[in-house]
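Okay, so here's just one chain, in structure tokens, the form predicted alone.
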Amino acid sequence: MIKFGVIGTNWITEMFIEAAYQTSEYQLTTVYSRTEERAQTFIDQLKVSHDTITTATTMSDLLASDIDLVYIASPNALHYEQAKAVITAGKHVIVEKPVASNPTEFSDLQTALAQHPDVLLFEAARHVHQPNFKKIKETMKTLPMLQGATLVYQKYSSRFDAYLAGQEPNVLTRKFSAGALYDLGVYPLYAALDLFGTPQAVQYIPTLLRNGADGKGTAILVYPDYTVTLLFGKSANSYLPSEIYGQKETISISNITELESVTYHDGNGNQKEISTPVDDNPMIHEAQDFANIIKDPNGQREVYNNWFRLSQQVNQTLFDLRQSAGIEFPADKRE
């Protein structure tokens, strides 16, 4: 059983905990929050046994508790320092995307991992672990040629009304290394790099908010024979599907993150549903994949290395896109 603690008392943390318990591989032992009241309130609402769960109000208390792993779902700007502290303490760590604000932070985490070779770092990008994403990859191999893709994930943020009212929500400010690209944009970018590899060049055209953060935008990834276009945002809703283009064939995806429906069109008027029903909790498969590696790190080393390289490529490409748009984070100036 993998004993784990969590940083972040929000809906995505609750979703991961429920997914972890559905795999029967994990046991939650510690919830970290800056106040014990908030931590306890979060514990009380969980749909799992509370008997073995304790609270921690400092990182030192969390890392001194009986855990093998820490799951981090705090604001983006805190991911790097918290992940580094966990690695240094000799614990495995799962970090919600993005794992770091820039390549400098990512490189520093690599250095910490090299100093603690038994520790594993995972970036939680749930959609690339789902069966329907693997169906997409398998179907792409059958296409006679590729001509790029348009990948869409644009959803009105529950915090955008607060922004319009003059507030500065964490998810919509550069102070916390946030905005559309570093939130919803990570999903189509992860899919693009996993499906098509690293691009030759990138360009990001954002719609900026009054505070300089991006509310939505279009990213263009340039490959030798085609481009991949990413549309994402937090200031409006989109109901467009995502598409991957072959010659006359097209793979149509209802939502590149949720992956409820994936359809293959042969270009001759025929179409075939290639997806399977999705789980109620979309984090089950990543939780199981991470557990498999933690239990057998040597046997699963190649799989782990591939995921880690993908995480590094995503981090670098996020930074390159942001630089192309002139968007700077305070974390970029951190020594």
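Being a predicted model, the structure only gives us computed values, none of them experimental. One rule holds for the numbers: they count along the sequence shown, beginning at 1.
One more form of this protein should be noted, the form predicted together with a small molecule, which is absent from this view; the next part is about it.
Exactly one of the stretches 70 to 78, 112 to 120, 205 to 213, 222 to 230 approaches the small molecule in the predicted complex with heavy atoms within 4.5 Å, and it is 70 to 78. When the small molecule is considered in the predicted complex, only one residue from Ser275, Thr29, Ser33, Gln300 comes within 4.5 Å through any heavy atom, namely Ser33. Proximity to the small molecule in the predicted complex, defined as a heavy atom within 4.5 Å, singles out one entry of Thr263, Asn170, Thr104, Thr198, which is Asn170. Arg126 belongs to the set of residues with a heavy atom inside 4.5 Å of the small molecule in the predicted complex.
Looking at Ala325, you'd find every heavy atom of it more than 4.5 angstroms from the small molecule in the predicted complex. Contact between Tyr190 and the small molecule in the predicted complex is not found at the 4.5 Å heavy atom cutoff.
Remark: Phe133 does not count among the residues lining the small molecule in the predicted complex, judged by a heavy atom distance of 4.5 Å or less.
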